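Next comes just one chain, in structure tokens: the form predicted on its own.
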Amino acid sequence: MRTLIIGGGAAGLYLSTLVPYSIIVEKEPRCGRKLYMTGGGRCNFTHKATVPELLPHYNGNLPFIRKVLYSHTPEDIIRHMESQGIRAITEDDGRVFPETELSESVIMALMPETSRIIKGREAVSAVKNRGLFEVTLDDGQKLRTETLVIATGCSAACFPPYNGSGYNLLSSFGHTITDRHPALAPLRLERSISGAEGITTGIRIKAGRKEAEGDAVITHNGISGPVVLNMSRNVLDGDEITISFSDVDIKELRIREPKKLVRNAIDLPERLIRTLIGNLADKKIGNLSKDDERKIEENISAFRTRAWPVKKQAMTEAGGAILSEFNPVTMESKLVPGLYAAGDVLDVDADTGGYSLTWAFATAWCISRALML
């Protein structure tokens, strides 16, 4: 009896290339939605690094994650992609892309030749009786299988209306689903800096006890860019964050360059400086009052504002099915034999750079080894 895979995303498609004659149920009209988006359409499908180097980029049960990643490393993923006709190129920062630099080529390579795909249908319920799973689709169709894989991904980029059918299915079998919130999302800011829209600049951002540095992009309603996306999992709606655009020491500048205008003394794009401090940008350093100094340092070095993750633009989410209820070698449920889970439906999220897809592919491989034994 065929393996039934719920979800035609990265994990589900990868698994179908490893387990022939499976059945995929995908609620969208086409498979691989997240693959289309990753890497700006170029499909950054893994990150070439050792497992110890990968681990700091994941959030979740790290001992569990470590076992999975050692089972199927980025090198293994690259080899499997090559076996599917995808030649890989690795950029200096370790990100790995198809030689074509087209997401479409990866998706086509992962489309199963021997498996059946049911598109535009959602699995709404599942039960297990006498060793068989019975899955009911939203059109009333019923599918039966001995092996059921939940690979629906998370509900990111669909807040609302997507209610997370994968979570519902796992929950119906007794699995624990942690609280979920957007991750890898731009941030909308309470204090507008839209006057600097389009500018890319290095920042240091702090949210709670977490702090990170990297490139950010000013948007029409807030900030985005790699460091912001990676930090967003730590920001709940309305949380206060602090952004340092530059470490400004006015007292030092007053001694060193008193005749310079502020906008010429601070190493930031002029439009960003004007957005942050207004007319103070045109004052000479030596003519600044103590209140001016305070305003400049507060707005450039310690810009405080409330922030909200832009849910509709989130690429993933934090939270999901807890890992302790699954076997890290096989990804089989410890509660229900024959039930497996892969990819983002699990309580794991990762930084940008191919880490999330690495997790999806590695969990799919663990399942395939269990099923092919």
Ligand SMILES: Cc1cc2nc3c(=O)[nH]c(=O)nc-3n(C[C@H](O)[C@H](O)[C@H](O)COP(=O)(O)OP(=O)(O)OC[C@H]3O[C@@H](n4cnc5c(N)ncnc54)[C@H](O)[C@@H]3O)c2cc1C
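In this text, all values refer to a predicted model and were calculated from it rather than measured experimentally. Sequential numbering from 1, following the sequence displayed.
Below: the form predicted in complex with the ligand, not depicted.
Although the partner is absent here, Ala123 is a contact residue: one of its heavy atoms lies within 4.5 angstroms of the ligand in the model of the complex. Contact between Val329 and the ligand in the model of the complex is not found at the 4.5 Å heavy atom cutoff. Shown alone here, Glu26 lies within 4.5 Å of the ligand in the model of the complex, counting heavy atoms only. Contact check for Ala362: every heavy atom lies farther than 4.5 Å from the ligand in the model of the complex. In the model of the complex, no residue of the candidate spot (Pro186, Thr219 and Phe303) has a heavy atom lying within 4.5 Å of the ligand. Per the 4.5 Å heavy atom criterion, the ligand in the model of the complex is contacted by stretch 343-351, the sole one of 343-351, 65-73, 320-328, 48-56. Of the residues in 8-43, those that come within 4.5 Å of the ligand in the model of the complex through at least one heavy atom are, in sequence order, Gly8, Gly9, Ala10, Ala11, Gly12, Val25, Glu26, Lys27, Glu28, Lys34, Met37, Thr38, Gly39.
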